[in-house]
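One chain follows as C-alpha cells, the form predicted on its own.
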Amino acid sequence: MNIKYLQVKNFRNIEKCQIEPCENVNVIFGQNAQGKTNLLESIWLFTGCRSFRGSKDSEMINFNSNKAVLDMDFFAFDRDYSAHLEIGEGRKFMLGGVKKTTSEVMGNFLSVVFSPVHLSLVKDGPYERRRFLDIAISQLKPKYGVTLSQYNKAIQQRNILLKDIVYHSELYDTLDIWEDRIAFYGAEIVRQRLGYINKLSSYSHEIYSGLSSGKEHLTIGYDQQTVIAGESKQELYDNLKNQLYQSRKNDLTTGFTSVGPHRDDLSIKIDSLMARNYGSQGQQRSAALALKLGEAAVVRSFSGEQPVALLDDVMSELDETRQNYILNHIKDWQVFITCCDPNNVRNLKSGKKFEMKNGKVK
C-alpha cells in the first residue's frame, strides 16, 4: 500500500499544497508550527478515523474557509484508488467517484501513526494501554468494538446495582444477570487481547532489537489484575463468572466491579525492567515506536497489506544509531517522517525530502 499523490486545501494552516511521495521513506522537515504534523494528519483522515490529535473536525478547517478539501491517489489491494474528503458540516467521502459513509471507507486505506502523544503508552497509566489494544483490535475486527461496548454497559449496570443493593436488598439476585453478561463479553475480550498481544510481542521485539542494534530487548505481555485462566472461551467465561461471584462482598463495600478485563494492563519491559519506571527518554520513545510499528506488522499479517506509517517527531531523543535504523532499515513499506532539524536525516540513503514552511511544501 502506498500513496502516489496528495493534495491538501484549507486544512489548518495549509491553504494549498501537493506532494508526490516515493514508495519508501519520505521526510518532511521544517521549523515548528509550519504544518508538518498537519500534513500527516490529513493523510490519517483517509482511514476514516478521527484525528489522532483528538481535534474536532471544525478545528481542522482553515480560518479563511468554510471547508477543507483533501484528495489522495493510492495503490492498495492490487488496484489504484482515488479518494476525496471534504470536511465542513460533517465529512463527505468519495472513493473512486462514489459516495461512501465513514464505515464504508474504513479498511480501504490502512495507516499507523506515531506521534508524541503515543508516549503515553509507556509513561501513563493502564487506561492508555488498554485503549491502544482495544482500538488496534477493533480496526482489524469491527465486531470486537461491539463486544467491548456491551461489556462496558454490563459493568456500568453492575456498578449501579452494587450501590443500590445497600438500600434495596431485594435487588441482590439480579447480580447474576449482569455477571453472566460481563463473563460472556469479558471472556471474548480477554481471548482477543491475548491473541493480539501474542502477535504484537513478536513483531515489536524484533523492531526494538533493530532500533537498539540488538543491545536491548523489549518484552510485551498481558498483565491481568486478577488472572482469568483458560484456553477456550468457555473456560475463560467460567473462570471470570466465578471470580465475579467471589468478589461480591468486596465489591458491595467499594461500590465498583474489581475483576475483569477493564482492570488489566499491557506490560512493557526493557531488559526485564518496567519501561515506565526505569526506561530513559530514548528507551521509552523507542518502546512506544516499536509498539506502533509492531501494530503495523500485525495489520499486514491480517490484511495482506502493509499500512502506510506516519511518524511524527520520531527523531527527538533518539541517538544516531536509532535514527539510522528508522531512516534506512524500515524496508518495503511507505513511511512519512517529520522532523525539525534537517541534519537528523543527513544519513538518509534513499527516499524523498520535503521542506515545509508556512503551510507550503518547497
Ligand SMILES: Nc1ncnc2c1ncn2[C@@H]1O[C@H](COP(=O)(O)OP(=O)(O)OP(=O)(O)O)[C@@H](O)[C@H]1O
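Just so we're clear, the structure is a prediction, and the values are computed from it rather than from any experiment. Start at 1 and count along the sequence shown; that's the residue number.
Same protein, other form: the form predicted together with this ligand, not shown, and the subject of what follows.
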| task | Quick one: find which of 297-305, 320-328, 57-65, 44-52 has residues within 4.5 Å of this ligand in the predicted complex by heavy atom distance. | result | 57-65
| query | Closest heavy atom of residue 22 to this ligand in the predicted complex, within 4.5 Å or not? | reply | no
| query | Looking at the partner-bound form in the predicted complex, is residue 316 within 4.5 Å of this ligand by any heavy atom? | reply | no
| Distance check, residue 9 to this ligand in the predicted complex, heavy atom within 4.5 Å | no
| said: Check residue 26 for me: does it contact this ligand in the predicted complex (non-hydrogen atoms, 4.5 angstroms)? | reply: no
| If you look in the predicted complex, which residues in 132-151 sit within 4.5 Å of this ligand (heavy atoms)? | none
